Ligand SMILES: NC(=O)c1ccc[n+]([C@@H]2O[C@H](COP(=O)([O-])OP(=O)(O)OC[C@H]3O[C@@H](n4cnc5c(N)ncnc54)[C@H](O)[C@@H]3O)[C@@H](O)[C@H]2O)c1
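Quick setup: one chain, the form predicted on its own, written in structure tokens, and binding and motion questions come after.
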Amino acid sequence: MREFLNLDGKVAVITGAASGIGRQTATLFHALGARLLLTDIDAARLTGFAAKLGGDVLTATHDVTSEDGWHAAFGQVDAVFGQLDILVNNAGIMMSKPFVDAGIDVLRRQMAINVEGVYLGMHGALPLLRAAIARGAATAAIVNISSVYGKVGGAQFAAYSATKGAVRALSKAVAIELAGSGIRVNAVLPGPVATNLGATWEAPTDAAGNPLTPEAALAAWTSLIPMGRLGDANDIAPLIAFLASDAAAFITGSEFIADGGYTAA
């Protein structure tokens, strides 16, 4: 893969990097030669992971809903690496609750993290990404992680679907505005992936309203995927790496689905 995807000399910020898709993306980026600032709210897990990766890796305890937190993160990148070429807005939260029982707080919490966090990250990254282009970089890249539930409805995920649909639209709109600048913006839409994204969500329920065990919930999802399995973070990270690399220099304003055929069925 190194022959095709090359991130040598690139500096990337990856949010939500302590686990799941963010962690695997960071692992791949590092293997491909990128220098990294990894952020997450789970400082202990993030620090332990970064230590395993080795050199050229910074970490920051970072709440993506905080504008000051974003300023601090970008300031850290600039002070240590002096550049930024790639932003991966991966941090997110998934909350499951039937719409009839979901108060506005369910939407607001997910909106703050999943949408406002992406908006703040893109906005705050612009000066450094523009500087990368001025310095002679072929392109700079933003990759936003949406979800197939931003494209199709997910039962008991109305608020989550709303936020991930917003990430799709936001990515396209910003991509159009920045297309002439050399800064590319694309979205990745994973299908059901075995990560801890929903570690804090309430258990889905069956038709009678009884909570499903994690095993039952995963089995129900798996039965809907034509490839017969849940996705893995390793299925998503190479797609993110491609979109972040100069191999995708003519790709912006696009969305890429990786879901084992879930939305094709």
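When you see a residue number, it is the position in the sequence shown, counting from 1. The shown structure was predicted, so the numbers you read here are calculated from the model rather than taken from an experiment.
Just so it is clear, the following notes concern the form predicted together with this ligand, a form of the same protein that is not shown.
Figure note: of the listed segments 134 to 142, 97 to 105, 168 to 176, 83 to 91, the one touching this ligand in the predicted bound form, with heavy atoms no more than 4.5 Å away, is 83 to 91. Although the partner is absent here, residue 120 lies well away from this ligand in the predicted bound form, with no heavy atom inside 4.5 Å. Proximity of residue 64 to this ligand in the predicted bound form: non-hydrogen atoms within 4.5 Å are present. Residue contact check for residue 195: one or more of its heavy atoms lie within 4.5 Å of this ligand in the predicted bound form. In the predicted bound form, at least one heavy atom of residue 18 sits within 4.5 Å of a heavy atom of this ligand. Residues 145, 146, 147, 160, 164 of 142 to 180 are found to place at least one heavy atom within 4.5 Å of this ligand in the predicted bound form.
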